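One chain follows as structure tokens, the form predicted alone.
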Amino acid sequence: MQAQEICENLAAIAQGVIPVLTAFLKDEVHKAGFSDVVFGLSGGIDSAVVAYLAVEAVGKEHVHPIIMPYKLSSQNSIDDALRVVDDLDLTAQTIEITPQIDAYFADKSDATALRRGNKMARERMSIIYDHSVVYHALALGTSNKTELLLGYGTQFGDLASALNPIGDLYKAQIRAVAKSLSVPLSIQQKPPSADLWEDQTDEGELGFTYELADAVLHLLVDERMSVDEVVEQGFDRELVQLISRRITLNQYKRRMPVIAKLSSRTIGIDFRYPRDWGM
């Protein structure tokens, strides 16, 4: 089975998820005692989908997107974020992160692009959580299943959130949902990018396409195939091993911090209850 066929099947499965995701958002937000949500709006397809889902779930007056550009951010990304704001008739804040990022790295000229990108992601999430107090709102995550499995995100940065409505959707499925939600075409059609530095693209940084990643991840994770079995489906062994290794290495990003067990009831090990236990 070819990657394209797998991704088309994944996209078809996603056609009916919008009511499920909006119900999830509405229920989880209200169950936690909140009415409002806040999140970063980058101009990319993932945060755009979250914006449309949130408006449908809790109403536009309860949705607070924040646009947080850096001086090297693409103007196209900012413009696309504003298109979402206009289309949904939202009130958004634009908060420039250049001053604090540049101040931090002023005496760190040897800082790599990775360090700078991680710092930007964490600064943005810090702003989102600060405004969660301002708006009495829950912070929404905008990372998809492909990114979460690959570890393609910053721990306590863009991977942080109180709720994530799209974390079980592969990138191919995000595109299908975006189409159903009538997300602006300029967002649907542009190359995915975290926009952390000039001309950065996700696929260029990863070294493989999202289509290949989605297909291999689906077979490894959802179909529970071994590396050898995925290779037998016609995929390059080196690529499959790379993706499999990334899933394993980045498990620590997908769970709460591990606590050393000393007592009879350790948080996260023995003391484990549903998120809404006691509410």
Partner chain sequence: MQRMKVALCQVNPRLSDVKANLAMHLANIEEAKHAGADLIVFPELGLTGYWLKDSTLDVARTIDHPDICELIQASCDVDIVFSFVEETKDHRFYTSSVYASARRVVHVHRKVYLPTYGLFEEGRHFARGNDVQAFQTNDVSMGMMICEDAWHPSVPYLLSLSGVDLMIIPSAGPGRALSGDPNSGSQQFWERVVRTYAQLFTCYVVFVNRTGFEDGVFFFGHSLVAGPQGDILGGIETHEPGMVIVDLDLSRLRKERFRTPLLRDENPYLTQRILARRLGDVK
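Please read these numbers as outputs of a predicted model, since none were measured by experiment. Numbering follows the first chain given and starts at 1.
From this point on, the text means the form predicted together with the partner chain, which you will not see here.
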query	finding
4.5 angstroms heavy atom contact with the partner chain in the predicted bound form for residue 27	yes
In the predicted bound form, residue 265 touching the partner chain (heavy atom, 4.5 Å)	yes
Distance check, residue 169 to the partner chain in the predicted bound form, heavy atom within 4.5 Å	yes
Close approach of residue 5 to the partner chain in the predicted bound form, 4.5 Å, heavy atom	no
4.5 Å heavy atom contact with the partner chain in the predicted bound form for all of 95, 252 and 259	no
Answer range among 161 to 169, 115 to 123, 131 to 139, 84 to 92 for contact with the partner chain, defined in the predicted bound form as heavy atoms within 4.5 Å	161 to 169
Within 12 to 48, the residues that have a heavy atom no more than 4.5 Å from the partner chain in the predicted bound form	12, 13, 14, 16, 17, 19, 20, 23, 24, 27, 28, 31
